[in-house]
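Next come structure tokens for two forms of one protein chain, structure 1 first, structure 2 second.
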Structure 1
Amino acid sequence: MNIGAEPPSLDWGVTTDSTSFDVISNLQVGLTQYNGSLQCAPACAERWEVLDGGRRYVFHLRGDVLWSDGRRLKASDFEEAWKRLLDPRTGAQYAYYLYDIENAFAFNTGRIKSGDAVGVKALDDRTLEVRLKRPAAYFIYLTAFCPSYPIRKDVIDRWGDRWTEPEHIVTNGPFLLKDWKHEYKIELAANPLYFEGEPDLKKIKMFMVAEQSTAFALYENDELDYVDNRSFSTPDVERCRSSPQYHNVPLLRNNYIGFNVTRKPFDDRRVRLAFTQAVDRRVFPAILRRNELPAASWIPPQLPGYAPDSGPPYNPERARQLLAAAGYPAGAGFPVVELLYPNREDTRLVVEEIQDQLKRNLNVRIELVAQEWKVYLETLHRDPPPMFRNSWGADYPDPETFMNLFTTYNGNNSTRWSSSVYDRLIEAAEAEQDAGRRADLYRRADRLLCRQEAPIVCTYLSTQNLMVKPWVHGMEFNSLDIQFFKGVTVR
């Protein structure tokens, strides 16, 4: 297979990107794991209890989970992992995922010096207790997510930064890291000690071919057995759409144009609403040609809280009125605004289309600014331009992963939009135990976000496009875009 790029780090306490997670998800297992319908099934934990109205979780670990060096998995491996994630000296970006745990926030932000008060504790070798500061309906999903996987503290202490090299790393998942030729390929081998039994697939070669059309050529020549978007240029998708090897999977990834609401002219809600109503989202699938789903609202249809009318309608007439009301009749006097986007083929097409639509519908000029991915991220974090193109993929199958993004306190909220009403709705939804009422809270927040305040213009939902050779069996695709290889066989 092709993973497209060198994973920045295989340390699941530190890394945040999907390339690294692709590898880690096959090396390591956490308390729970996703089953086919994206529900949490037992993994290292054989069962768990939810106590005190959702405030306390007790996980009972299997006794037969072995690390690749033969040592038995202990509950303290989890305690150490989570405390390491929260320790400010680790500098883990995903530390905030555990903020629902008692004292986790205080420890991570340095308000308390010691991790002892953090609400995660190994009661004995096989029992892990987690105390939350308030009920959180989505918490169980986090135990299937890479950053929460256990670590071998002794290994990390011994090798420091180099512990993820193949000669040092110790894992407990279905595969072992066998070889890592940096910037070229990673090889995984079946783990004979894996607690669910050694996988049928003996070896996985993960190449880092950056160019899509090259990777696809490798697939056509049978040098790759499986390719996804990373190896699938749009012309190739078009060519292979009718092949029996082709699969198209809707993803929990929503794409949007954000406004920096602290910058003129987007501090005016009417301007934002004018923009969001002036974008015709129906054209995106025709341009991007990967079966994308046009989206005007932020919660994807697969998740609770979705409602078709949460997003704004396409109404250029109304948009022009709004813009005139904001003081720019027919676009007169409207400044040229910058739209920042990461330099990629698909994003370029999207922003060029939006640039032209806004010019036609509102007579406003947008200047497109492309930046290399890392520079783009830095700009978004430090000083977001008036408009920017971004996307968000779900970390777990719950609306929370999307909706939390635009709360005042979320570090990835580059719009600088802050609404106490919205924040309260999200907090209420997080703590709500009744599924119906919870969905309703998210629905109201979604409507506020997309239709009433519009700090973002939602555009479309991405899809995963794959080709799998006929001799590969047992591939299962999910909307979280994680590929597990333990059940795959090659015949």
Structure 2
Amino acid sequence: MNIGAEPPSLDWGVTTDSTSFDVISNLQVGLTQYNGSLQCAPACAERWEVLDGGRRYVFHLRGDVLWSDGRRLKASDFEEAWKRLLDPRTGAQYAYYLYDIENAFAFNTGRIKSGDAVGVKALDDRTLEVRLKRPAAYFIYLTAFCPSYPIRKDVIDRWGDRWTEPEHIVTNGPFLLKDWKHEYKIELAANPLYFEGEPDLKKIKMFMVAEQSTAFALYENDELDYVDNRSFSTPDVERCRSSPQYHNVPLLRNNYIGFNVTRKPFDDRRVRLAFTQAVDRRVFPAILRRNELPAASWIPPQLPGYAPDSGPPYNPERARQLLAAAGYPAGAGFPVVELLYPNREDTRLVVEEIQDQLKRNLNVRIELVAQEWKVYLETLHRDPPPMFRNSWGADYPDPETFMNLFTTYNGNNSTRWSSSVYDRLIEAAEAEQDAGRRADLYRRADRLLCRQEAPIVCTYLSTQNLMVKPWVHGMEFNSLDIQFFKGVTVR
């Protein structure tokens, strides 16, 4: 297969991107795992109890889960992993993921200095207790995704930054990291110690070919067995749509243009609202031609809280009025702004269209800047430019995974936008047990985000487009866009 780029890191405590998670999800297993209907099923935990009205979880671990070096998995491996994720010295952008736990936020932000007060504790080798500051309906989902996977603290302490190299890494999942030729290829091999049994698939080769057309040529030449959007340009989709090898899967992934609201001219809400109403989202599915859906609001329609009118309508005239009110009549005096995007062919089509629309509707000039995936992610984390193209795929099937992204303390909020009103709405939705009231709180927050403050311009909802060779069996696709290979065979 082709993963398109070098994973920035295989350390599941610090990485944030889908490329890295595609590898890690096949190396590691958490307390729970997703079944075919995206419900949490037992994994390292054979069972769990929800106590004290949803404020306390007690996980009982299986006794037969081994690390790849033969050591038995312990509940303390989860406690150490979660406290490492929250430790401010780790600098994990996903630390917010565990903020529902007692004292997690205070520890991560330095308000308390010791992780001992954080509400996660190994009661013995096979029992993990988690205490929440309030009930959270989605909490169990968090235990199935990469940031909550266990770690081997002794391995990290011994090898430091090099602990994820093949000769050092210790994992507990269906596959082992056998080889990592940086910028070229990762190889995984079946794990004979995996507690569900050694996979039938003995080897996975993950290449790092950035050019979609080049990668697809490798597929057509039978050098790749499976390709997805990273290897599938629009012309190839058009040509192969009728093939029995082709699959199209709607995703819980929204795409957007983000503004760094601390940088001029996007510190002015009127400018952001002008840009938002100057973009006609209906054109993106026509450009990409992969069954995408235009999106003006942030919550996807498959999730509670979605409302089609949360986002603003396309209104170029109103956009020009807002830009004039901000001091740029007909675009006069508006500075040249750079729009950063990851270097991929389909992404370039989208940003070129946005560049053209903003020039046509607002008479503003946008310069496009492409960066290789790893550099692009580092730029967004370190110093986000005034404009950037980004996307967010659901970590779990709940609106919280989308709405939490733009809260003040979320490490993945590259817009630098902060709203106490928005934060309070999300906090209230997190604690709300009534499904109808919870959905309404998310709708109100979505309207504030997209229509009133506009730190982002939503563009379209993604689909995953795949080709699978007829000799590959057992591939299962899901709206979270996580590909698990433990059930795959080649024959």
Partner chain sequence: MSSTVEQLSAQQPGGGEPPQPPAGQGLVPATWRRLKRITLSYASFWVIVFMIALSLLSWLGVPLSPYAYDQTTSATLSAPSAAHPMGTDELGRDLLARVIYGSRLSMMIGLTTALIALFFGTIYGAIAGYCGGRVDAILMRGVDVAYALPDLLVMILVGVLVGRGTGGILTALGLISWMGTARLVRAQFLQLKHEEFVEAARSCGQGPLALIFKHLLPNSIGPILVALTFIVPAAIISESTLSFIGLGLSPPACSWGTLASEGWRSLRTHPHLILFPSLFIFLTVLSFNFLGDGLRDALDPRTRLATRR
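Everything quoted here is computed from the prediction, not taken from an experiment. Throughout, rigid core stands for the largest set of C-alpha atoms superposing within 1.5 Å between the two forms. Here, residue number means position along structure 1's sequence, counting from 1.
In this comparison the chain labelled structure 2 is the form predicted alone, and the other chain is not. Two rigid parts of the chain turn against one another between structure 1 and structure 2, and the hinge residue out of C146, S462, N26, Y57 is S462. Once the larger rigid part is held fixed by C-alpha superposition between structure 1 and structure 2, the smaller part shows a rotation of 19 degrees. In the core-superposed comparison between structure 1 and structure 2, the CA atom of A429 travels 2.7 Å.
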